[in-house]
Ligand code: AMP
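Quick setup: one chain, the form predicted alone, written in structure tokens, and binding and motion questions come after.
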């Protein structure tokens, strides 16, 4: 018997899942709640709503129509939040530009996205001035600045954001349209070639927001987020919509704090003066804060932080907990909108001692509602969820990018056999927790055996003198490849710890059976710094080239 579809009354309204519908609730529930930008701007949600309409009118007057692409190059700000809503709500596409890309990559991504207008922070004027003649589709630039007197520029500007906003009507009738309309796009940097464009619809962003809400607002865990929390992103807003969390926090009417450019003293001051209780970032940002001398001046005991982008080392987690910072790992990719899982502790785990909790906090996590995660072998067959059987992580969810922009070949590779292939290796344990053990491209093969670079990094991060570490595979004539560890020491231990002492630390984990003998790095180098990508992840591609 065929499935029975519902009958629609001709007059019934087909409610579309559009971003504009997420902006209604805070106007009812928390209209006077604050949105803060550094120490410069402070306004309420009613003002946000008005400014979103003014921005739409301003962009329309500048020639933006549905289907056009509006790019933003800004630090984390109230202006960026306004763009998160106004641009897609008017039917245009928001391109969040990675401000840390090289000039060559900026040229490529702006041209490939076919940007029509760029909202440009004055800090990035010099780089755009240097490439302006190579931008093929951009018609206008609108200046974003915190300066009272806008700087001079060789670029012809259509005006300054606040001035143009003040001249625009506070009323805008945002239309209904197909919920599958493209809302946002951005570019993810890979290990080879130019960045790849990923894109998301209104429907996907709304569903991702509700999936997030289910994961962090409903389950009793160490993360719990509710309307009394104060939110400050520490993941750049250009990076996968700041993980989509500004949409969630706006929908439920939280106080929001936007820090602009990331500077440790400013971040720490905002966290304490604005009573920030919830943030998210890559491990590098937390590492930067916990190693800042200023941190001891602040009480961070109410601050919950979700860590993603890279594995959360147990050593960093333990250090953060010593300052009262409640760290929890999460997992996702640019291609997944991004969040797929979060390391929520189950209720019976909340009374565990710190070391047992750290084991859970640092896991890749439990899947969000509506996320289907599987581990498959090289033939695409699912492996047992026993915490030991490993394979590639594949996924299905309603908010995964449907492909790479203008790149059908790589899109098909991404979606082979109807599953999105993450390129990560991992396992799922009987409790349902996913654990990423490595990237396919980062796993190290030595003497015919595989060893996880992430596992070795996790071990060395627990040495009392280690501030930061990376492990890569380097060529070896005898074994084909060997692990190499790069270690940054804490300031007070510099010059006092030897490579041999660090090697002895690894030997303890051989003795207790955690790793095989061949897992001890063949070389351990104590370095001053470790190369990072544009979004703050350890750049293993660059490290492998440098140490080859």
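This structure is a prediction, so every number in the text was calculated from the model and none was measured. Numbering follows the first chain given and starts at 1.
The form predicted in complex with adenosine monophosphate exists for this protein as well; it is not shown, and the discussion that follows is about that form.
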query: Candidate stretches 305-313, 107-115, 79-87, 150-158 - the one whose heavy atoms come within 4.5 Å of adenosine monophosphate in the predicted bound form; finding: 305-313
query: Listed residue (325, 459, 333, 373) with a non-hydrogen atom within 4.5 angstroms of adenosine monophosphate in the predicted bound form; finding: 333
query: Contact residue in the predicted bound form, chosen from 203, 318, 287, 439 - any heavy atom within 4.5 Å of adenosine monophosphate; finding: 439
query: All of 239, 364 and 424 with a heavy atom within 4.5 Å of adenosine monophosphate in the predicted bound form; finding: yes
query: Touches adenosine monophosphate in the predicted bound form: residue 451 (any heavy atom, 4.5 Å); finding: no
query: Heavy atom of residue 537 within 4.5 Å of adenosine monophosphate in the predicted bound form; finding: yes
query: Non-hydrogen atom contact residue 188 with adenosine monophosphate in the predicted bound form at 4.5 angstroms; finding: yes
